[in-house]
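One chain comes next, on its own, written as structure tokens: the form predicted on its own.
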């Protein structure tokens, strides 16, 4: 689906288009070189934002920016190196301007029976998916609170909504993200800084396809409890992110939006 926010036909109201546009905004998206992060970057760039994507490997980031166009830039960064995150924010703001939108997309998963999960396994997932998310959010939010403007998005998961076997560390990290959203929204909302989450359902990324192809029983269970009877596309998450970052969502904070084809209410 292609949406052009800047060309309005005579019978369209430009106010409708503009309220969902991100013109003039600077957006930082972690893990933006592939998968859902890539699609969020694409959608935000189409909505008018200048987008900075980060990740650990330069080649995927370079290839992504080549495809995404001149309004998307990259910086190599590992979010797990917490002591470098304030420097990342400073570099972005000196090169591109103050950050208006943060999307905490980078994360890792692990499928293993709970009794086989080591302390090191558990800590690694929590460090990447929760500790790093908080550290970067804090670094970006300092400026947003001072400017009294900003939107921060977390990527949650269906694993935070109900029990899914063999993902105990991942589910714990995403449940922590859900709690963080509520607390930060209660603290930052008075400064006009909104905090929300998107909880993707089963989205057709390469990682999901690989996982499902090796576990057809899980794939069938996922489809059977999804009322729309299909998996989502990464762009579905991208457009939801644009909405939550836009003025169209100016009175939404502390929310977790399932983008899941009804999976979270399916039976």
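Here the structure is a predicted model, which means the values were calculated and not measured. Numbering follows the first chain given and starts at 1.
The following text describes the form predicted in complex with a small molecule, which does not appear among the structures shown.
Participant: Given that the small molecule is left out here, which of 108, 92, 126, 135 has a heavy atom within 4.5 Å of it in the predicted bound form?
Facilitator: It is 108 that has a heavy atom within 4.5 Å of the partner.
Participant: Just one of 168, 79, 181, 144 has a heavy atom within 4.5 Å of the small molecule in the predicted bound form. Which one?
Facilitator: Checking each option against the small molecule in the predicted bound form, the one that comes within 4.5 Å is 79.
Participant: In the predicted bound form, which of 111 to 119, 145 to 153, 71 to 79, 94 to 102 comes within 4.5 Å of the small molecule (heavy atoms)?
Facilitator: Selected range: 71 to 79.
Participant: Contact with the small molecule in the predicted bound form for residue 59, defined as at least one heavy atom pair within 4.5 Å: yes or no?
Facilitator: Output for residue 59 is no: heavy atoms all beyond 4.5 Å of the small molecule.
Participant: Just to confirm, residue 223 within 4.5 Å of the small molecule in the predicted bound form by heavy atoms?
Facilitator: It does not: once the small molecule is placed as it appears in the predicted bound form, residue 223 has no heavy atom within 4.5 Å of it.
Participant: Using the partner position in the predicted bound form, report whether residue 174 sits within 4.5 Å of the small molecule, counting heavy atoms only.
Facilitator: Residue 174: contacts the small molecule in the predicted bound form.
Participant: Would residue 34 sit within 4.5 Å of the small molecule in the predicted bound form, counting heavy atoms only?
Facilitator: So residue 34 counts as contacting the small molecule.
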